[in-house]
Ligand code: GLA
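Given as structure tokens, the chain that follows is alone and in the form predicted on its own.
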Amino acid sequence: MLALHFLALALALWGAPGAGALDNGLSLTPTMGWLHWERFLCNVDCKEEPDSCVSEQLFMQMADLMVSDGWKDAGYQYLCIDDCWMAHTRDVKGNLQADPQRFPGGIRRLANYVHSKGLKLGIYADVGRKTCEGYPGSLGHYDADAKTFADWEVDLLKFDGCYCDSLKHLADGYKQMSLALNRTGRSIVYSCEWPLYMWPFHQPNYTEIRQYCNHWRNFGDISDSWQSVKNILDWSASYQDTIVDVAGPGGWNDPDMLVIGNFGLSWDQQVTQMALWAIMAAPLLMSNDLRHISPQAKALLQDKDVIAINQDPLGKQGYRLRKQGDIEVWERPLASLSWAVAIRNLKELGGPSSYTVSLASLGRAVACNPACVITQLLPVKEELGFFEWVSVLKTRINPTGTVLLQLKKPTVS
């Protein structure tokens, strides 16, 4: 028991974030929800495409489905509007306003509807003069816009970084909006793109970013393609020494949206995105059409065991442990001295690859010390059984696919 006590203490202290998170009590586990951007982009043509334009109708329909189809029960709580919701100008008082044709009831009515479903509403704005699609930005209006969002009873703000004329204005703007949101007294999750816009010039100060943001984007927008998902995973592994330790309850690295259930990923690639986003303690923000999603993709996105890994209360982000030829091994420490392990096949031709892993090499040599019970969670759930520390585990992984495992201490009867 004493050894287990010291092991638990070591895991708790290992990789602890160097600074406190944003002090708003939110995002103690990664944010889960739905975001319109990747699937619906800036489609504002409601005359020709009424079912896929950025409108009040679209978000109300998604809210209904999030409740009726089990998304809310699975943990997906935030329904998030991205760019292109605004009118092209502010109102006569200088406040942001929704496009009156596409959002005839305004954002407050939509928020009321979303809240009536037991969900929360997210919205989008920009630190600079304009949003990325050319709508009014928040530069010079941080306090007023924060108050507007609070008055509308918004629950999350995604704050982009387009049309900002200097790195100083970028950093100052992100800080000012964070403080302005807190001053409203409303609980509003703050999703930043601050480091994304800093990286081309110099390495961001993640300790500072964590003090102001609940999660932050590091890399470019995801698209509905395997190349895009690969690029994000490669970047995350390459810079893990910089980004992993700063993540934890209240502040998370955001590798961008889940594109599972769309058009560009094979089944194995969808499994890989879900498994690795769970390992990376990433916000799970789907961008898909919940009205038209396959039962297989829905089951993957609602997999309670995989979501439990993503939402693990220990709050440690996982990392790539090793790369051997065409195989990567990722791992993540979990509460109750458990570990999650993802074995990813990088090959894109041929058939499944076999891989044998020494259990003594996993989980900082303690995951299976002296023994563990292993469950395969993805691509299908299977109880693999009891293993001792000196054992090896043999797996077969499809090209571009991932096997996700959970290693737990045996229960003592």
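Keep in mind the model is a prediction, meaning the values are calculated, not measured. Sequential numbering from 1, following the sequence displayed.
There is another form of the same protein, the form predicted in complex with the named molecule; it is not shown, and what comes next is about it.
Novice: Just one of Glu331, Asp160, Asp155, Asp145 has a heavy atom within 4.5 Å of the named molecule in the predicted bound form. Which one?
Specialist: Of the listed residues, the single hit is Asp160.
Novice: Work out which of Asp99, Asp289, Asp245, Glu133 lies within 4.5 Å of the named molecule in the predicted bound form, going by heavy atoms.
Specialist: Residue within 4.5 Å of the partner: Glu133.
Novice: Residues Trp37, Tyr197 and Arg217 are flagged as a possible site; in the predicted bound form, is every one of them within 4.5 Å of the named molecule by some non-hydrogen atom?
Specialist: Answer is yes for this spot.
Novice: Pick from 208-216, 262-270, 299-307, 125-133: which stretch has a heavy atom within 4.5 Å of the named molecule in the predicted bound form?
Specialist: Heavy atoms within 4.5 Å of the named molecule in the predicted bound form occur in 125-133.
Novice: Does Asp165 make contact with the named molecule in the predicted bound form, using a 4.5 Å heavy atom cut-off?
Specialist: Residue-level check for Asp165: no, no contact with the named molecule.
Novice: Answer with yes or no whether Asp83 is in contact with the named molecule in the predicted bound form, where contact means some heavy atom within 4.5 Å.
Specialist: Result yes; Asp83 sits at the interface with the named molecule in the predicted bound form.
Novice: So in the predicted bound form, is the named molecule close enough to Asp221 to count as touching (4.5 Å, heavy atoms)?
Specialist: Asp221: yes, in contact with the named molecule in the predicted bound form.
Novice: Given a 4.5 Å distance limit between heavy atoms, list every residue of 86-116 close to the named molecule in the predicted bound form, or none if there are none.
Specialist: Not one residue comes within 4.5 Å of the partner.
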